[in-house]
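What follows is a single chain, given as structure tokens, in the form predicted alone.
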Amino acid sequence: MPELGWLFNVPVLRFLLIGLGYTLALAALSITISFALGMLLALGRLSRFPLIRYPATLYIEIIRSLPLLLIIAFTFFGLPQIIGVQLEPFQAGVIALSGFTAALLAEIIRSGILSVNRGLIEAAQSQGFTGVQVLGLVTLPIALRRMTPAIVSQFITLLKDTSLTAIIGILELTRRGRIISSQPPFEPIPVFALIAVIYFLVNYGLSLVSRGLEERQA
């Protein structure tokens, strides 16, 4: 069995932890942006106004049909030529992950909203609530409780998908693992085993948070 002391040297661990920081930063920003954008897209797709509903629906359907790797590459290499502004790799990564995840979250949120009992909505309307009040006080609170597991699951997927941003030069956790494994003593299995443990611990933490929210709501 090869000696693994080198893997736990301070410089190696620091190098990986910096990569983990990039991974968590990418995920945190993308989660925040994608949730807000996904909510808007879901409400847009449910809108009675065609000028709002059709563009939202078109965006969701197009983005959901494309691979994330293609969206990341387009955002970094193609989008700057369209908007005339060069994007940093981190900026492009956040934009791509947020835009892609928002389309997936929009369908989760839309399904959650549609699952709310119509009788509850009509009861609120009969009490004189406006459409905005019904949405904010009745529909969304109930829908969010029901779709919490699916949303957290999507966020876990997003965190893992940050590894794809390596193609545009972001030195996130997985990319840094490849750099370490390509150097002496050339031991990729221990490196990626350690990275797998790190991903597991982070994602398992998110799962525990989701489970706690479900139990509290129950």
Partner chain sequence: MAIIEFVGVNKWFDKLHVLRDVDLSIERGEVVVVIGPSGSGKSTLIRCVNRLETVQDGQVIVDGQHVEDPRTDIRRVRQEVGMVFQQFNLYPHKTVMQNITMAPIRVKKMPRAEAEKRAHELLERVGIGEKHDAYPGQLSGGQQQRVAIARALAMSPKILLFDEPTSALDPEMIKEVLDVMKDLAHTGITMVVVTHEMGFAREVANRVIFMDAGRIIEVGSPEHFFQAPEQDRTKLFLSKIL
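Positions refer to the first chain, counted from 1. Only a predicted model underlies this, so the values are computations on that prediction, with no experimental measurement involved.
Form predicted together with the partner chain: not shown, discussed below.
Contact segment among 69 to 77, 106 to 114, 90 to 98, 126 to 134, judged by heavy atoms lying within 4.5 Å of the partner chain in the predicted complex: Every other range fails; the passing one is 126 to 134.
Proximity of G84 to the partner chain in the predicted complex, heavy atoms at 4.5 Å: Result no; G84 lies far from the partner chain in the predicted complex.
4.5 angstroms heavy atom contact with the partner chain in the predicted complex for I142: Close contact exists here: in the predicted complex, I142 approaches the partner chain to within 4.5 Å, heavy atoms only.
The partner chain contact in the predicted complex: M147, any heavy atom under 4.5 Å: Close contact is absent here: in the predicted complex, M147 is far from the partner chain, nothing within 4.5 Å, heavy atoms only.
Three-residue site P55, E61 and I63 fully in contact with the partner chain in the predicted complex at 4.5 Å by heavy atom: No, because P55, E61 and I63 lack any heavy atom that approaches the partner chain to within 4.5 Å in the predicted complex.
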